[in-house]
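Take a look at this single chain, the form predicted on its own, given in C-alpha cells.
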Amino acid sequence: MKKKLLITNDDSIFAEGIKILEHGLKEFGSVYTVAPDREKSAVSFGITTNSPLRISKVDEFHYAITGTPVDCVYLATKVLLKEKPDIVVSGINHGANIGEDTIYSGTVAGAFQASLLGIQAIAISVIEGKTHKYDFESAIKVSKSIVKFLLYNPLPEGTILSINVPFEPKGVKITKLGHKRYDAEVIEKMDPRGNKYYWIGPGKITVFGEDSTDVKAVESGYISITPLSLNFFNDKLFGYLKEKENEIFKEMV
C-alpha cells in the first residue's frame, strides 16, 4: 500500500540533502516537502508566535515556509495536507547531530514535533568527510531501511530515531547519546555607525562518551542510530530530592 511521507529540515527547502532525500523516498508513495524558505539551523524547538507565517507553494508537493522546522510540521499537518502523513523524515541535515547537538538542532526538533502529533518520525544527518563531501547515498540507504521498518513497527509516542551518517561508513550501530559540549565563542565587532554587534560561534568543542554512544560510533566510522525521547525526567535526582525534601524546605514550614 502506498504511503504518504512528509519531509522537512532546518537547512531550507533549497538544500541538497532534502532534494536527495525526497527522490530516494518516492518508492514508498506520495512525498511532500514542507521546509523553511531559508536556513534555520540551531533553532531547536522554536515556534513562531509573534509574527505571521507565510506559505509559498512551489507546486502540489513542495511548500516553503517563513518559519522554523516545528512551524513547518504544524502547518503541513494542520493546513496543507488533507490527512496526516504516515511518517515524517527530517533531513538530510548537512552536518552531525550527535550529543548535545540534539538540543539545538531544528532538524531533530522537526522530527520530535511530528512524534508529538502522533506521527512516526526520524531525523537524519550526514557528517562531512575528509574531502569535504557528504555520503548521501549511504544516508538514503539507511533512511529507506528505517522508514520501511517503522511503517509497520511504530515507535512509542514522543520518541524518534536520530541517524548520523559518516562518510563511507563501515556499518551500522544502535547507540546511546554521547556528549558534544560547546564552549561558545563570542566575537565583538563594530558597525559603520559605531555600534557594537556580536557573533556567537561554536568555539571550543569537546566530544566524549562511552563506546556505545553516537559520538564514538561516528568517530569509528559507523552510522549511529540513536533512540531519543522527550522525557526529561531524572529518576535518580528525583529520589535524592525526595530524601532531602524536609532539609531543603525546613525554613518554609
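The first residue of the sequence shown is number 1, and the count goes up from there. Please read all numbers here as calculations on a predicted model, not as lab measurements.
Quick note: we don't show the form predicted in complex with a further copy of the same chain, though the next part is all about it.
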Open item on the list: Since only the chain is shown here, I'm wondering whether residue 117 would be in contact with a further copy of the same chain in the predicted complex (any heavy atom pair within 4.5 Å).
Closed with: yes
Open item on the list: With a cut-off of 4.5 Å between heavy atoms, is residue 223 one of the residues that contacts a further copy of the same chain in the predicted complex?
Closed with: yes
Open item on the list: Although the partner isn't part of this model, could you tell me whether residue 242 comes within 4.5 Å of a further copy of the same chain in the predicted complex, counting any heavy atom of the residue?
Closed with: yes
Task: Contact of residue 181 with a further copy of the same chain in the predicted complex (heavy atom, 4.5 Å) - done: yes
- [ ] Look at the candidate spot formed by 61, 167 and 205 and say whether a further copy of the same chain comes within 4.5 Å of a heavy atom in all three of them in the predicted complex.
- [x] no
- [ ] Note that a further copy of the same chain is not shown here; using its position in the predicted complex, name the residues of 175-209 with a heavy atom within 4.5 Å of it, in sequence order.
- [x] 175, 176, 177, 181, 182, 183, 184, 186, 191, 195, 196, 197, 198, 199, 200
